[in-house]
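Next up is one chain by itself, shown in structure tokens, the form predicted on its own.
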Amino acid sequence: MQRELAEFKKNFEERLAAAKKEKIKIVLKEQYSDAFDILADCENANLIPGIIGPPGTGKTLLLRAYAEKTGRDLYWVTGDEGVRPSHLTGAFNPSIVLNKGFGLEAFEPGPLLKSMVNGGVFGLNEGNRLSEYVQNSLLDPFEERSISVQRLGRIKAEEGFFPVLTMNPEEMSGAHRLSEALRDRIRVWIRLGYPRKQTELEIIKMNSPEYNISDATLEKIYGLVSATRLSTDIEIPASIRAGISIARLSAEMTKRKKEKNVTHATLSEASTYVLVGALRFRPGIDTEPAVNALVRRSLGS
């Protein structure tokens, strides 16, 4: 048991070091470059921004890149109905409290408190999915840059603390509206959409560097992904991640089959595997037949 624990600790520390060395892969062009600049302007002006865009348009990735380029850590929480204020701030460990009482040693800080103490970028991902009760617990940290921690006192955020809200469009299924109080604290709104064709193709290439994917194949992938965004039968279309997944899977399948280039059959097969899980159709539409029909129309029989 001790040997396994030591080996795990060694490997864990190696993976921590690897994560710190890893560079963010992002194409800072057009809307992404503009959004990056506005984030910097907001921080300098002491304004809290919100980034709005459909899933997979790079909202969280943009925040990671911003934190990296400004020399800070990114702390984040993804909102849903199960998140409570303690998930953001932190909580006391009962077993340590029994032995040592309600001191700082027994407190396990959450990502919001860590970012306030360490001066990091705090990303509230899909913040409009939080209950209004949890949203309103963010008013002091966002407005006053301070927070009261039960039994420990009130702390003032370090100067580098920079909160940013990211959210999907409100009309999407499962998203709630922001409370009026929290909305009032978000002073700037940055909208991200699907990028232009050439930018999206560049993003796919950047995320598939080990594969020699032809321009013709990339064009077909983009055509298919783009078609999902135009269909009135699809509530949630293919994201940039879906395009990356199709490119990588089709290239890997081609390698396994020992084929020289990605064939029509392989691309169709890979696309179907990816899109069955990536798309959400309107109620009443059977997913698999709909995906098969979409692939046939976009890629040809």
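In this text, residue numbers run from 1 along the sequence as written. Because the structure is predicted, anything quoted here is derived from the model rather than measured.
Missing here is the form predicted together with a small molecule; even so, the following discussion is about that form.
With the partner left out of view, is residue 268 within 4.5 angstroms of the small molecule in the predicted complex by any non-hydrogen atom? No, residue 268 stays farther than 4.5 Å from the small molecule in the predicted complex.
Although the partner isn't part of this model, could you tell me whether residue 61 comes within 4.5 Å of the small molecule in the predicted complex, counting any heavy atom of the residue? Looking in the predicted complex, residue contacts with the small molecule include residue 61, since a heavy atom lies within 4.5 Å.
Does residue 203 make contact with the small molecule in the predicted complex, using a 4.5 Å heavy atom cut-off? Heavy-atom contact with the small molecule at 4.5 Å: present for residue 203.
Is the gap between residue 57 and the small molecule in the predicted complex 4.5 Å or less for some heavy atom pair? The answer is yes: residue 57 has a heavy atom within 4.5 Å of the small molecule.
Three-residue site 86, 138 and 177 fully in contact with the small molecule in the predicted complex at 4.5 Å by heavy atom: Zero of three within 4.5 Å in the predicted complex.
Could you tell me which one of 67, 251, 39, 240 places a heavy atom within 4.5 Å of the small molecule in the predicted complex? Looking at the other structure, the residue within range turns out to be 240.
Which one of 244, 35, 48, 234 is close to the small molecule in the predicted complex, taking close to mean a heavy atom within 4.5 Å? That would be 244.
Tell me the stretch among 39-47, 254-262, 23-31, 270-278 that has any heavy atom within 4.5 angstroms of the small molecule in the predicted complex. Selected stretch: 23-31.
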